[in-house]
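Okay, here we've got a single chain as structure tokens, the form predicted on its own, with questions on binding and movement later.
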């Protein structure tokens, strides 16, 4: 039986919506409870995001459950670091994935792979967009990162990379498949790291080379295990963008008039950008992130004792009605003036909050947005297709969430302009 004030049953029943719903029930955006008997503090909203992402009274050490480390994130990766060690490691990721040319080069590689795949789509009776994008993104990011991958290997590596983010919340065989997938992937990448370090594999200027040869403040290279974790921290999140692409397709399908209007705009336009940001805001992507209290304090009437686990609701912050009026409605126009909003780094947080260089905000965010803009271009302007009868319901009890059918497309053909 759950302990008094244990919210496990509500969490299992409500999924992504739990913290937001509980905050509404309690009339406050920060509250203490128990999950699986463990005391936790749950928070949502921009001020909570600012607190957790920028305050040095929190630490990321021992904050993630072991089942998440052994599937999604890996051990000893950048997500587990604090302070200067985190900033040094994060700088490597920003050098590879930051705004401008680094992100643009990955987006261009993904777009090329996607367009090369379109003739096969046209020949097929139907395709499942989620499955196709997993394979396209795997092939593209591996090429971009300098990781050799034959055509025959793509499906297997894609399945393993997808398993990393589908298994943390799973119970039973699906979870253990994720653990085995991580072991296979780390062995594969670890062997490539060793070959680069020994001069037996040439990958100049690539992510593989930069991660393999990265040195920390004391001039030491990362252990092979850690280097493999960090390179997977580039490959795995890129493949996870397939989820966002599926929700781009869902939004285009659900909002036909808006989709027609977008046909007149290029991917770089403000109009496409606003549409993409609203997809990111409404998509149930990564539900929450965690930290532990390093130094005890009190905030908004709640005591934060040392060592206490704290959960920030990313999905709930993106649906916080105090920031986003009518949060369940799809309204891209709400982003028309978003860049002028002083609190914007803590209001839209599907991939974390704050400044990328100094917080745990995802360094792949620019590439994510770029790939989604190209998805609007390809799905909304370059292709025509039918969406046959299928189950497009999205359960908020599944993490990461996905339409049950994976979004099936049929009768795919090139658009006539």
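Positions refer to the first chain, counted from 1. The structure presented is a predicted model; accordingly, all values stated were derived computationally and were not measured.
Quick note: we don't show the form predicted in complex with a small molecule, though the next part is all about it.
Checking 181, 272, 97, 249 for any heavy atom within 4.5 Å of the small molecule in the predicted bound form turns up a single hit: 97. A heavy atom within 4.5 Å of the small molecule in the predicted bound form is found for one listed residue only; from 222, 314, 162, 185, this is 314. Contact with the small molecule in the predicted bound form, defined as a heavy atom within 4.5 Å, is made by all three of 238, 352 and 368. Remark: residue 335 does not count among the residues lining the small molecule in the predicted bound form, judged by a heavy atom distance of 4.5 Å or less. In the predicted bound form, at least one heavy atom of residue 53 sits within 4.5 Å of a heavy atom of the small molecule. Heavy atoms of residue 346 never reach within 4.5 Å of the small molecule in the predicted bound form, leaving it off the interface. Contact check for residue 79: a heavy atom falls within 4.5 Å of the small molecule in the predicted bound form. Annotated contact segment (heavy atom within 4.5 Å of the small molecule in the predicted bound form): 286-294, selected among 111-119, 286-294, 214-222, 192-200.
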